[in-house]
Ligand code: PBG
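This document opens with one chain alone, in structure tokens, the form predicted alone.
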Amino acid sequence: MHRPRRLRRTPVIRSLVREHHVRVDQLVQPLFVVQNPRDAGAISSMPGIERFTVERVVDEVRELADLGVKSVLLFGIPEFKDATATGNYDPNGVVQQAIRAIKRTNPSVCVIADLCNCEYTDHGHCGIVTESGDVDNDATVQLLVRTAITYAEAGVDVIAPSDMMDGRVDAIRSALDARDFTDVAIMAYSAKYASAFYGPFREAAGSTPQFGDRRTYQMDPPNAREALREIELDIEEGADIVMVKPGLPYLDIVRAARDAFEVPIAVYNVSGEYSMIQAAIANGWLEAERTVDELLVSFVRAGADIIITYFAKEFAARHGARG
């Protein structure tokens, strides 16, 4: 008689035959960096997560590195916003300052800079808005290229365009290569869905659209084949890493991407996923450690190589650099 339970009998045996493991060194911690110190502090909708000043983010990165989390994803929150996101491509902008400060004090840390405009525009959309209220794709790409160059000049390791404009990976890659930034990698938000799970992030970053929504440029949630087309296009344009976002509702897309492509696959365990789990834990409905461990291993099992998660620090504190 077949008895699969033989291999579940003790913790040691279960560990011996375990198929998938989450390694701390494949986790990326998102970090919010503010230009105005008055904007720093706890984020009410994301328990345990806060906005940092440039000075404080250096300390946080050092703590993360000591725990084994050596990759961070930066989001900037400027002091002033306008219709054309001028604060985004300012060489002395908040993200540019943070990149320089982190690389100066923690040079071995992999610094990834999210590249979008929604935190920097007063209307909250990801690019240049036309008179009709839509986002101008090509004008926005030019803006992204301009910002990407300043990130590279500041010393970033990876640029992560999250805007979902067509052709932006090719334009950014070409601009970087033309300026000898050939070592700067691109992690494209390739399959980024127009999701309801971004709400807490929009509070944290102050990036809620002031009118309309982002459904004309972010992906329609029912679509799967389109995601693979988006990923394929980004790879053709020069993306080194491709991403699926959000994570939990789109594990099928992670698996499909893993089966179809050879490049590294990243998944973003987004703010809404984080916050709903934290709420359930706070109410005693879920057991914290087991829930987080099960959550993260689901991404690895689906095929993700890189996991961007607000749980990275907490997981690393329990599991250490061994993963």
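Note that residue numbering begins at 1 and tracks the sequence as displayed. Because the structure is predicted, anything quoted here is derived from the model rather than measured.
The discussion below concerns the form predicted in complex with the ligand, not included here.
For the chain shown alone, residue 118 is a contact residue for the ligand in the predicted complex, at least one non-hydrogen atom being within 4.5 angstroms. Of the heavy atoms in residue 188, none are within 4.5 Å of the ligand in the predicted complex. Proximity of residue 270 to the ligand in the predicted complex: non-hydrogen atoms within 4.5 Å are present. Within 4.5 Å of any heavy atom of the ligand in the predicted complex lies no heavy atom of residue 147.
Contact with the ligand in the predicted complex, defined as a heavy atom within 4.5 Å, holds for exactly one of 102, 113, 126, 85, namely 126. Proximity to the ligand in the predicted complex, defined as a heavy atom within 4.5 Å, singles out one entry of 142, 218, 106, 97, which is 218. Only one segment in the set 128-136, 197-205, 148-156, 233-241 has any non-hydrogen atom within 4.5 angstroms of the ligand in the predicted complex, and it is 197-205. Proximity to the ligand in the predicted complex holds for all of 75, 214 and 310, with the criterion being a heavy atom within 4.5 Å. Residue 245 is the only member of 233-250 with a non-hydrogen atom no more than 4.5 angstroms from the ligand in the predicted complex.
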